[in-house]
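Presented below, as structure tokens, is a lone chain in the form predicted alone.
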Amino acid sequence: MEKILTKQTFPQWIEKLKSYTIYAPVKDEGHWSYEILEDAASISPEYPNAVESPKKIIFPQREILFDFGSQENTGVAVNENLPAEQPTVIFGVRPCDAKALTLTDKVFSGDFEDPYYWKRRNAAVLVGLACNTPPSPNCFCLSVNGSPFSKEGLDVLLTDLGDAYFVEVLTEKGEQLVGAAGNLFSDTPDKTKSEVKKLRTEAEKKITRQVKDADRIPAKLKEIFDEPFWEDEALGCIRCGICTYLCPTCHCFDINDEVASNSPLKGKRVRTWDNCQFPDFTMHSSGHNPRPDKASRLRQRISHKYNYFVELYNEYQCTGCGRCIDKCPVGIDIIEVLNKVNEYGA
């Protein structure tokens, strides 16, 4: 289904969605992040990449899995803390971030489905915003089989037409969302489709950065696994972890028990994001660390995204959002690293 929604009536659509918790990119203290929307009129149709992707809404940085505590005569009681199934709408999702969630879906499904992740994921409706202009100069979605107008993982895709949005309804969830304010949407003029097609072509031309011959990289990474290449590329790394914490597809986590100070049998089990660039990430209880240096950790990050994930799922675990390049304090550039991988030893 395809419709037109004017920007003037856009806040009225949001007002009709009272039964949903609504998130959108909001500017706070100089940077953009996905937050609960308090005022429908404050939503902005134009923004760069939010510093953090909407992944944090579905897969929070910290969550309590269960509480535990001792009870007289019954031993230890465990109370699971599954998320409430609250219908949620996330507005303004960039196509690269929507695709990222489809990749994380693969990780948290399979033989075991993570109930904490899927409770939130199944309750979420994703309303995307096509990128008429790349939100970052370091966007490279085309290199990893993406597109600034990709519909993958979205329920609704909006395309900015100036005074209105071209609305593509892609799923049953999307139909329900549009149906909540059907009188605000109008039929699409014949010329609009050709206009949108032109916008897409122009948008793809604006993406100037690329990973060359990306399909060669998985095999090349295996070939140079033990080469000094990684020491050279990791020299500048300060192990801050920004690249992975801001990545929309990174999903590694740690689990710890936080025990009450007055009782070792009372506390909570907590899951928090972990980071493969930290020295303790692969530390064994024996004290052995198979990735003891920056070089082996950088190699792990790149290999996971462009080799191991490809072997498992036949997809890159990178959507080309450019955040890791934009925010790295020492200028490590994954596009440059990958292009050097292809060139190494040639």
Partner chain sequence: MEHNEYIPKPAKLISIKEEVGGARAIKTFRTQFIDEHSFSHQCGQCAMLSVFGKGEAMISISSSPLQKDYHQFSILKTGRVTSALHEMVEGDTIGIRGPYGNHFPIDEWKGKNLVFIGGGIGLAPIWSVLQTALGKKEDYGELTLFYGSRTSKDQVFREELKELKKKMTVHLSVDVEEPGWQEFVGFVPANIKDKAPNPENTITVTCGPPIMIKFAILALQEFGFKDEQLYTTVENKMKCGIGKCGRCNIGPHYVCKDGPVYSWAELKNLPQEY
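Numbering follows the first chain given and starts at 1. All values derive from a computational prediction rather than experimental measurement.
As for the form predicted in complex with its partner chain, it is not shown, yet the points below apply to it.
Of 235, 84, 76, 219, the one that lies within 4.5 Å of its partner chain in the predicted bound form (heavy atoms): Going through each option in turn, the one that passes is 76.
Partner-contacting position among 223, 175, 274, 160 - heavy atom within 4.5 Å of its partner chain in the predicted bound form: Checking each option against its partner chain in the predicted bound form, the one that comes within 4.5 Å is 274.
Exercise: residue 283 in contact with its partner chain in the predicted bound form, heavy atom 4.5 Å: Yes, residue 283 lies within 4.5 Å of its partner chain in the predicted bound form.
Contact label in the predicted bound form: residue 107 to its partner chain, heavy atom within 4.5 Å: Taking the distances in the predicted bound form, the answer for residue 107 is yes, it comes within 4.5 Å of its partner chain.
Proximity of residue 288 to its partner chain in the predicted bound form, heavy atoms at 4.5 Å: Within the cut-off, so yes.
Partner contact for residue 47 in the predicted bound form: its partner chain, 4.5 angstroms, heavy atom: No.
Contact stretch among 127 to 135, 108 to 116, 181 to 189, 205 to 213 - heavy atom within 4.5 Å of its partner chain in the predicted bound form: Looking at the partner contacts, the answer comes out as 108 to 116.
Partner contacts for 288 to 321, taking its partner chain in the predicted bound form and a 4.5 Å heavy atom cut-off: In sequence order, 288, 290, 291, 296, 299, 300, 304, 308, 311, 312 come within 4.5 Å of the partner.
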